[in-house]
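Quick heads-up: it's one chain on its own, the form predicted on its own, in structure tokens.
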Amino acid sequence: MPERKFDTLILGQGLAGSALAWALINAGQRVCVIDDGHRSSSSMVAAGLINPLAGLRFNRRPEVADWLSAAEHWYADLARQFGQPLLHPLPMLRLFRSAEQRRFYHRRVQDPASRGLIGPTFDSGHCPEPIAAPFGGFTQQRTGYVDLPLLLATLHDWLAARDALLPGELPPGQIEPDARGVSARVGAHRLRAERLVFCDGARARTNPWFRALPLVPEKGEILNIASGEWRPRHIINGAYWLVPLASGELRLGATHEHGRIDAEISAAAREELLAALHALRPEAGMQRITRQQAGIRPGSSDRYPLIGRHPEQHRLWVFNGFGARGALIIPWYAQRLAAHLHGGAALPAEADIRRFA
């Protein structure tokens, strides 16, 4: 079989690889995405939450305005092109976990940059949803969730129609970088490109070129639950999150296991999540579980992405480490990396892997 030539090879068609491929193809590049059928993709399991205020302290990163603008515009562009919504905007109820946590809210509400994101508080007796909120909470705006399985399936077909998708595995032994480019073999296919970008999620921990990066993989499990008579009008975010899906089901998650990196579902996680749901709705009866899934979040030690070129093998790149915020931050960083590769624009310093040099 003759060698096929491209500008960029991308390993992995999760959200990171898909967004990068979209940006590069629309910039005029010849791209080939190599994917093993999402066998290791956390994007197929993730909730796809859009949440600009993170953690117990409701932190707002300096880049949030850029992240939100890029995400909202990209998902809207996809919806227009493919004729179906992918981002589902929903307000979010942030439940205080303690009385002391209110001080983080009051600190955030005084921040002018957070206007438009943060709404009024409510006490335990006036929660907008019929749930237990013993310490009250507040309403957050510009939140929602992305239907990641639908998005990935849609972009899978879009890439395939452009002959820009190659199913199969690409083990490290079939990758040969040199001074002028990189060669790769996927089954019987021989590929040649100017560069290869690893968007391989938690597999990066065994990547011979990038395994020294401080990737922090973390296992998480989620449940899909039949909603019954209750249909929340908000995403609920406390110790766990609960998302009302467009399908009518509820998605509940997620567990956090730092010491395990397998993708096997467990009875312990199921019981943990059902206990969390019972704490939210103590008077509700038994819940019917329709699905349980497990995945590995590919986070980083400083919670910023891992983007950049290998210091010695200059034809090899990494685009990884997005963690639980992937649906929010990947669109912007994909645009920045595409602009760097195609036009020489600077990489965002907070994400450039040279910070770990």
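This is a predicted model, so every value here is computed, not measured. Residue positions are given as counts along the sequence shown, with the first one as 1.
There is also a form predicted in complex with a small molecule; it is not shown, and the following applies to it.
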Sort through Pro134, Pro89, Pro208, Pro171 and report the residue having a heavy atom within 4.5 Å of the small molecule in the predicted bound form.
-> Pro171
TL;DR on 324-332, 304-312, 284-292, 55-63: the one with heavy atoms within 4.5 Å of the small molecule in the predicted bound form is 324-332
Consider Ile222 of the chain shown here, and say whether it contacts the small molecule in the predicted bound form, taking contact as heavy atoms within 4.5 Å.
-> yes
Indicate whether the small molecule has at least one heavy atom within 4.5 Å of a heavy atom of Ala70 in the predicted bound form.
-> no
Considering only heavy atoms, tell me if Leu11 and the small molecule come within 4.5 Å of each other in the predicted bound form.
-> yes
So in the predicted bound form, does Leu49 come within 4.5 Å of the small molecule, heavy atom to heavy atom?
-> yes
